[in-house]
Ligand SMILES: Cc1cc2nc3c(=O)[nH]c(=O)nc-3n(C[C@H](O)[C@H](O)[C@H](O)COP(=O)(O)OP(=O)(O)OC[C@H]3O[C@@H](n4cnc5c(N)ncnc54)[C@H](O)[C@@H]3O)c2cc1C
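Presented below, as structure tokens, is a lone chain in the form predicted alone.
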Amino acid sequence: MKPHTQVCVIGGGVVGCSVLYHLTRLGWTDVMLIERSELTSGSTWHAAGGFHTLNGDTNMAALQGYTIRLYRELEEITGLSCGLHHVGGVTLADTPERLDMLKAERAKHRFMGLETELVTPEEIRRLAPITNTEGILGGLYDPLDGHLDPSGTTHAYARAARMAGAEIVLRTPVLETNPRPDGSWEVVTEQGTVIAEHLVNAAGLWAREVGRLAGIYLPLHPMEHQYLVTDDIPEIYERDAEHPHVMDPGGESYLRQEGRGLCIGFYEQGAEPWAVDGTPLDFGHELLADKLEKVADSIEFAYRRYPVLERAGVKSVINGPFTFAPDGNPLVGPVPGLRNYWAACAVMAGFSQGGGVGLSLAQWMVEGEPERDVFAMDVARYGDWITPGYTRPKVTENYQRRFSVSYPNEELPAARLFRTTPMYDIFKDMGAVFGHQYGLEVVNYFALPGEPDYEIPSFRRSNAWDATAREVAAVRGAVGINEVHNFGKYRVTGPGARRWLNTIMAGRIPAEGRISLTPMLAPSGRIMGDFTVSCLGPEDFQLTASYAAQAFHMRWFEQHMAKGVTIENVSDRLTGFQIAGPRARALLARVTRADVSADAFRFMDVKRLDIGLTRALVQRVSYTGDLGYEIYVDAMDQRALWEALWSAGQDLGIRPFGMRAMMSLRLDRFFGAWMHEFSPDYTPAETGLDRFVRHDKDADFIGKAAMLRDRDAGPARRLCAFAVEAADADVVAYEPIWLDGRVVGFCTSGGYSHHAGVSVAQGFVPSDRITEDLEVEIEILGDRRRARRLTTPLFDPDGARMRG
């Protein structure tokens, strides 16, 4: 075992071997993998080996497509067989809601280039004749679905890496991982110590334990999972071709051919977390005891769906553990707070996702960023607030919902009421219906007495419609009040603060007492964040951005930190309210002795004011697009601030509003949202954020060279807003945009403008097809709806009220 390496990968399952291979593929060949036992020990060896492209996140689906296409290449490189069976697969829909979900997924696949298709019950019977289609409304067929040999595939990755110069060390448990002052890692094993410039935790079932060696908690948990293999079945072995996969969400099962019989697995409701207090160090090639009583109901359902099972004996039962993160997606990327420590774990669908995980992580390490937005699997999508007590019920919930319908407006119940603001009980008493973001309870809307106190999940307009309309009307007609707790907030101080901000932000850094809007870019010129920057003093700034991106943004700040700068995440220490609407200025004037007239408190000003009992930081800006103010106080002062504003606003028509109304209000002005219009997949020139970029400022800001190239070349696509002739469903995201009978773009977000009475969508269209009077079709739940381009905001088109 060599004493020094550029990268040490811990874990010899399919994910670790994929990372190792992709590092060599991108040119890093001084790399090694250390495995405590043998390759495939842990979850890999007993996996069912299925692969598919279906995933609610389009970038994850694309990476799964890459993974599947990679296997033939691996076989050609190594001469080893991956045991590939490209048999296709169909997902069944037994309710209108499941069919809506499949229609939405098929629509996403159109612009991704995936050749899936919706099929009828008759077509399902031809594709998968053992299926009883009674009660089935349709399905989604994917020709890329299939299965493989888990062991052969893992060894193919390993051989390809070895052929490029990688070293693989087996039967060598890692005992310690110790950071060194230069950012490298000391990896202590039973066979000696290795100094690694980079460390990758791909330890699978033991990722928690390996993380603890570095003093970190990775939010993942192993779950028991069972599948059965049957004896020979004539209806299977007498076929001319291999039987396709069948996913039956209603029965919580997946089925495929295994030899001359069938393999069927279950995601049952009686799911059990495994190894709650840690994975045993001596576990490896063992299986868990059969627990068929847990899946008895699922088996009974499967007998009705596939009657041939009633006549088939059971050859074997496999019960083994594998790991989930709270949302079911992997944990990948640089771990916040540590230098050169990378995660590649919680990959529950290793043979669908392992190749994409390996590629993305290798690009991140070698090239500085992955080629596509991978926030859905970024380890930084969770912050230091997350705990094992939160992870365990969320993982269990995710397992139980593996085949459930995922609605765009659904708020899941597990591990809720974990993090709240001081306003929670007041808002609850006022009829608040809460969602959650980054572990925090966030008001979606307020129900009136007698209305349901929950939002019914739906792909179509929900029962929150009337409440949202009321709240929008209150903002546009009087004054609305909404918490600002769900903004990420950062304090940047020190003699180097302005110089550093000019380097890390692409836009103008404001003068004292003023605010600016600016994108933050990657070296590629893609968007890493959209920020409000407030200058509070010569060496004192406040930044605000998306609440859910805190760990993501703090990691970026720390990676690019400079001398003379201190940055603090104050997101939960600083909270307050925004007030917006035509009477917002009148309300503010009632609660402060300061002059807040239009001339004294201009649009994009920031001031410190005494409001009631509190000392507050007030910014004249509003995401609603209306006259408005953001008011920030210490969290301990929030209720006092509420009392001052609420009591003073009664005769002004003050009304609380939630995020459903906020998302409707921002559409009136075509404002973008983080991870919708603005994400690491897009550039400022494409999205319109280039109007906030200062190409001519002296600072050589990150992404400047790429931005200048984009400016000179012009973007190939641009963001447009559309009015859609919708029925009872609006755009959510990723719906395809049709022009002249073909898909030319996709939607980034949408919804209903209750102020204008118009269904609105935003999306990308090729620049050379954009005209003032552009008309397109947008596919919503399988129906192509006419849409016309909007060039003038639906509210306050000249900004007179917002700026006045």
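We number the residues from 1 along the sequence you see. Treat the numbers as computed from the prediction; the structure is a model and nothing was measured.
The form predicted in complex with the named molecule is left out here; the points below concern that form.
Contact annotation for the candidate site: 485, 583 and 589 all lie away from the named molecule in the predicted complex (no heavy atom within 4.5 Å). Within 4.5 Å of any heavy atom of the named molecule in the predicted complex lies no heavy atom of residue 570. In the predicted complex, no heavy atom of residue 356 sits within 4.5 Å of the named molecule. Shown alone here, residue 202 lies within 4.5 Å of the named molecule in the predicted complex, counting heavy atoms only. Interface membership of residue 262, defined by any non-hydrogen atom within 4.5 Å of the named molecule in the predicted complex, is ruled out. This chain is drawn without the named molecule; in the predicted complex, the residue among 616, 247, 349, 433 with a heavy atom within 4.5 Å of it is 349. Just one of 787, 20, 10, 780 comes within 4.5 Å of the named molecule in the predicted complex, counting any heavy atom, and that one is 10.
Contact annotation: the named molecule lies within 4.5 Å of heavy atoms from the stretch 219 to 227 in the predicted complex, the single such stretch among 436 to 444, 191 to 199, 87 to 95, 219 to 227. Although the named molecule is not shown here, in the predicted complex the stretch 8 to 36 places heavy atoms of 10, 11, 12, 13, 14, 15, 16, 34, 35, 36 within 4.5 Å of it, in sequence order.
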